[in-house]
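Quick heads-up: it's one chain on its own, the form predicted on its own, in structure tokens.
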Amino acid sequence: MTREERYAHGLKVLEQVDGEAGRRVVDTLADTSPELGHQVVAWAFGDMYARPELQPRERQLVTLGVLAALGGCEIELDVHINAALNVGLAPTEITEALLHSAVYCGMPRAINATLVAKKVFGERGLLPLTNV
């Protein structure tokens, strides 16, 4: 594939997974590092997210765990919690994944990630969670 074809393919995957939030992240990079934005679309989504071995919901669970473990990734967590909802994960599955991450990355990081989930759930009218 050409560079432009990889980008077009990645943009299609990005929009399916992250919707408008993913596009905003790329647009935010346009005046500072357009190449980083290109790589997010072409490589991360066009090459990696598009691989058939994991389904989008599984990829989002992995992504949420890694972002929670890294800490300091609240902007990315916001995008990917929205993406997790977009690809069919239930809010309780997301909170369970973040709860489970506490075992491996510690309570403070799991709490921070869960507070981002609370923000996203609130914005989407999903609070309070009733089946926890």
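So that there is no doubt, residue numbering starts at 1 and follows the sequence shown. This structure is a prediction, so every number in the text was calculated from the model and none was measured.
Another form, the form predicted together with another copy of the chain, is not on view; read the next lines as being about it.
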Margin query: With a cut-off of 4.5 Å between heavy atoms, is Val87 one of the residues that contacts another copy of the chain in the predicted bound form?
Written below: no
Check: Would Leu127 count as touching another copy of the chain in the predicted bound form under a 4.5 Å heavy atom rule?
Finding: yes
Notebook entry, point to check: Does another copy of the chain come within 4.5 Å of any heavy atom of Gln16 in the predicted bound form?
Noted result: no
Next item on the list: Could you confirm whether Ser101 comes within 4.5 Å of another copy of the chain in the predicted bound form, counting heavy atoms only?
Entry: yes
Next item on the list: Taking only heavy atoms into account, state which residues of 93 to 108 are within 4.5 Å of another copy of the chain in the predicted bound form, ordered by sequence.
Entry: Glu93, Thr95, Glu96, Ala97, Leu99, His100, Ser101, Ala102, Val103, Tyr104, Cys105, Gly106, Met107, Pro108
